[in-house]
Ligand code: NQM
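Listed next as structure tokens is one chain, alone, in the form predicted on its own.
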């Protein structure tokens, strides 16, 4: 016997994974995590017995529910799994999977479309982060086809606009959790910053690299990985995050001067595998560092003038543009971060797990959804 759990398999930005209605999953966290591990096929580096894609970017899960807080439409819980580990991390955010939340809610009837476009306020439960997400809903249906293009995902799709309302100190205690815009930690000049994703940023030359290496080169560079992990653990303590040995943050970000017409070049580790692109909130945080006087990006990043700045973050497969607005009275304060993503429904159905993991004590509503 197996247990069937309703889900939609979706691409969000440059990530993908199954999305669930929270009501269809176990209420207690240990059982829920066992279910998610079984769904994804972890721990196994190929995730051959589950839906995972043998990579951190395709080992992600979205859990959505109607919001309970006044003024908020949807609650979103992001879960990061690893192919070869038995961990389910609901501490960090994921701005890519976030792009699929409103489409999921519309597809499953959690919310109703508002007209030609639908804008909903979403609370990310992981870090209590609020954002407004706008999707195209002509004729009362989610539009997936369109002219919007994002690097890291093939083709074009309908645009999804995300306006982050308050991202500073999403996990760490504040935008600059060490109290400084620049520190020297383990012999390297770094900027430790969290504007949606805790990052440790440093010049690639500080670790003997160019910052233009390919993903394959960096993933094969065991010497660099050992050096970055030592630095990451030291920075974790400096950022008041405690022992980060078993945590998926902070992410490590090598920076270099742009060479494709952007603002800054990056190579992002998540945290031990080099990202083929860069995460949404990592890009927001990099863009934020670019507008902070004294950060490690100074003298490297090309930053436009004006209060509202579009920062183009170059990454291994293209670029990611973030619109950043700063307070003219306090240039160290970011007042707005907005960006564009896309998403697509890939498959709808049921995820099957062994009944020994969970026998499926769903609510009546969930049972009716399955029957329908």
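Everything quoted here is computed from the prediction, not taken from an experiment. Numbering follows the first chain given and starts at 1.
The same protein has a further form, the form predicted together with the ligand, not shown here; the description that follows concerns it.
Picking from 227-235, 297-305, 148-156, 95-103 the stretch near the ligand in the predicted bound form, with a 4.5 Å limit on heavy atoms, gives 95-103.
Site residues 127, 193 and 288 are none of them in contact with the ligand in the predicted bound form, judged by any heavy atom within 4.5 Å. At the 4.5 Å threshold, heavy atoms of residue 21 stay clear of the ligand in the predicted bound form, well away from it. Interface residue remark: residue 267 is not counted as part of the site for the ligand in the predicted bound form, having no heavy atom within 4.5 Å. Among residues of the shown chain, residue 60 is one whose heavy atoms approach the ligand to within 4.5 Å in the predicted bound form. At the 4.5 Å threshold, heavy atoms of residue 80 reach the ligand in the predicted bound form. The single contact residue among 200, 160, 255, 282, judged by any heavy atom lying within 4.5 Å of the ligand in the predicted bound form, is 282. Contacts to the ligand in the predicted bound form (heavy atom within 4.5 Å) from stretch 3-33: 14, 15.
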